[in-house]
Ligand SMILES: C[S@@+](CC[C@H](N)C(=O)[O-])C[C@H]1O[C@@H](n2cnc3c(N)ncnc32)[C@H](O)[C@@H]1O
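Quick heads-up: it's one chain on its own, the form predicted on its own, in structure tokens.
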């Protein structure tokens, strides 16, 4: 009997400090709160225990998972392996910040089976880092990447932000160039979004810092894409670049529609076409009995998700999958497909619609043309 593949996401809401741009469910808490949280998290993982899935990927995000004692992370991995069927080749990723990594922690992570690190570098320009409230420096980030590699981590992602106040292309390129020299296997490059009610947005509104022009950011991005391509990094999703085929299994699973179980504050799950939502209020979570809010996706919603998420990747969206959902895109959008294909916006290959990589800049417009 073949089991369905699925993934697990674990949310750790603790940080040593709050970045100016962050609006995630995270913050600074005392040790007692952390202990209570991990006890509750373990209860939740056990409460949902199942052997119905083959877990191909585990992702520990936050917050800053590396800010807590490594023994907490060890307990979580152990409980998952005791209550779920974890594939022997599962990718186990954990987010980390340079200033909370140490040799002791890295060796512990390696020992408990974590085989992929995602390090929040964001920039290797000290002024840019200060402007967004990051505590590490360029020197520390480089040192910690080297340390992780020396501890045996071969699969390392580094996050990079585009559009940081005071950032110009030279600063951005120097950041990416340094990461390429360090031979990290994966780079995620995201546009900085000024979220409501964050300290950065307040600083912008008070004219304390100036944003980078959006058109400039697009130009920066296009140049970075070309630079990474020249150095062997494949753009397999709008914001993600992998070398030596080291694509992130967890993120690919989200984009391609794999089921996933989410545990912890503000986490979401997606199983058999139904979404489950955890509270984003820490007090409520600590007192919860795991009565999740649920939403069963309609066929229309499934179709829209397949198109919007699939077209973000190099794998595109399957025409057959859409047909099985009742949407024959080759008939409903025959003219749109022809125009997009003839103007080199898309390729149709092996029954899949794939956006040409040099057209990701107008992805939203392409999606709008193909939605039912």
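Given the structure is predicted, the values throughout are model-derived calculations rather than measurements. Positions refer to the first chain, counted from 1.
What follows is about the form predicted in complex with this ligand, which we do not show.
In plain terms, the part of the chain that comes close to this ligand in the predicted complex, with a heavy atom within 4.5 Å, is 154-162 out of 77-85, 154-162, 298-306, 274-282. Note on contacts: among 172, 96, 179, 141, the single residue with a heavy atom within 4.5 Å of this ligand in the predicted complex is 96.
At least one heavy atom of residue 192 is located within 4.5 Å of this ligand in the predicted complex. For residue 122, a non-hydrogen atom is located within 4.5 Å of this ligand in the predicted complex, even though that partner is not displayed.
At least one heavy atom of residue 21 is located within 4.5 Å of this ligand in the predicted complex. Put simply, residue 63 is close to this ligand in the predicted complex: some heavy atom of it is within 4.5 Å.
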